[in-house]
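Starting off, we have a lone chain in the form predicted on its own, written out as structure tokens.
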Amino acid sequence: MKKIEIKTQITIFGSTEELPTIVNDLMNRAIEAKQNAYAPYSKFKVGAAMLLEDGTIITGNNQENAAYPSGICAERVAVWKVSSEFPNKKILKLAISASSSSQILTKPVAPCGACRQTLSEYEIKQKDNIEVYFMGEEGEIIKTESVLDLLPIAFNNTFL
């Protein structure tokens, strides 16, 4: 038997004002995208914005459905939009913002497991890290250098 320690380093920004300008702009796009989320059941809205290598920004938001679990998360809407419209462009950065009508979210809201798995596939495919920034409605923002920091022992195509 052997033990392996896995560590993830994160950076915490106190507010959006502390973010680099390009990331602050990207987070603002995620916040804007969140406003168009369709979340009549959970009342939990999420917006995502992805910065591509050519400067293009692609957004997504969560879309719910009465036939749970037929909805889809903001991050997967955005990454699949990138894949379908810009299949050969790398994703450099992802910004995520979430809010709830039942409370003000002041803690960062990380991607769910399904989104982490999906995003890791694209990070592995493009052979370059995707920086991930996530926040609630206000307050601190967490940054990871890679999607795989959020999913360190990921399932991938090498198992197939």
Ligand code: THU
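Note that residue numbering begins at 1 and tracks the sequence as displayed. The model shown is predicted, which means the values in this text are computed figures rather than measured ones.
The form predicted in complex with this ligand exists for this protein as well; it is not shown, and the discussion that follows is about that form.
Chemist: Out of the stretches listed (28-36, 41-49, 130-138, 87-95), which one is close to this ligand in the predicted bound form, meaning heavy atoms within 4.5 Å?
Modeler: Careful reading of the contacts points to 41-49.
Chemist: Considering this ligand in the predicted bound form, which of 57, 105, 124, 112 comes within 4.5 Å of it through any heavy atom?
Modeler: That would be 112.
Chemist: Quick one: is residue 74 in contact with this ligand in the predicted bound form, heavy atoms, 4.5 Å cut-off?
Modeler: Although this ligand is absent here, residue 74 would touch it in the predicted bound form, with heavy atoms inside 4.5 Å.
Chemist: Does residue 62 reach this ligand in the predicted bound form if we count a contact as any heavy atom within 4.5 Å?
Modeler: Answer yes; at least one heavy atom of residue 62 falls within 4.5 Å of this ligand in the predicted bound form.
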